[in-house]
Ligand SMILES: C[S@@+](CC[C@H](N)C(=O)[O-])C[C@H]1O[C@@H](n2cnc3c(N)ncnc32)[C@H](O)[C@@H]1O
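Have a look below at one chain only, the form predicted on its own, in structure tokens format.
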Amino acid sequence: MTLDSHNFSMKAIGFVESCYLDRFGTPRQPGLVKSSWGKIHLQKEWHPQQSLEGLSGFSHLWVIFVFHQNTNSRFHAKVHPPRLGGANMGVFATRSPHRPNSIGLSLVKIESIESDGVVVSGIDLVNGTPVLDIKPYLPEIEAIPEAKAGWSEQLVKTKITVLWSHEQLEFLAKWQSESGRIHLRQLIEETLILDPRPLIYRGYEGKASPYRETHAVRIFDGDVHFSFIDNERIQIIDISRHTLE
């Protein structure tokens, strides 16, 4: 790492292997999809077997990473968090990836420690995310029950149901059996009920829309196509599998 009083240069210690292959569909916060899966692969130069020693005694991990797929080209002091339905908010009062420095912070659950990295769950990290650092979560210091959550406390949550056909569930069962991926249905449903659609596509449920109404998320080696029937129901349109490059 090189630094001066205003500019910093950092090097990734590793990269994320994630069940989410694209930005679209990847949860916007950690912990929202508890069945989401990933592995932080550490570079050999950081001697993973030694540097990870002692981490197995912790249950959760802070991941400091880079939003490497950001598309913003200039700074905006106000952003539009998806959960605010189009209203704007100061960028430093949000978790928006569009920040002066494209750095993210996620709290994830440790599933296992391996010789070359850490398997984690509850992730909001896209495949290939560069990791700058990892740190153990200390509940006696960092858990603050009386903490306030600002504007996010006022949001109304809607219960959403995901609808499957019998044939789709059979395909899902085969996919899970062949891939060894457990909780595939739970992972897909938890991902979709967060509504990954951009704001511009919302609000036309049940009526004609000037935009496309069917979307798809890539999870592991599969594409899940879906559509919102209304604000409370998502219809699975199709599931297909592809070959990972």
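All figures in this text were calculated on a predicted structure; none of them were measured in a lab. Each residue number is its position in the shown sequence, starting from 1.
Quick note: we don't show the form predicted together with this ligand, though the next part is all about it.
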### Query
Okay, which stretch from 143-151, 72-80, 120-128, 157-165 lines this ligand in the model of the complex, with non-hydrogen atoms inside 4.5 Å?
120-128
### Query
Which one of Ser179, Gln43, Ser35, Gln29 is close to this ligand in the model of the complex, taking close to mean a heavy atom within 4.5 Å?
Gln29
### Message
To verify the annotation, which of these, Leu199, Ala216, Val66, Leu61, has a non-hydrogen atom within 4.5 Å of this ligand in the model of the complex?
### Response
Val66
### Query
Might Leu132 be said to contact this ligand in the model of the complex, defining contact as any heavy atom within 4.5 Å?
no
### Query
Arg95: heavy atom within 4.5 Å of this ligand in the model of the complex?
yes
### in the model of the complex, Leu105 touching this ligand (heavy atom, 4.5 Å)
yes
### Query
Might Arg233 be said to contact this ligand in the model of the complex, defining contact as any heavy atom within 4.5 Å?
no
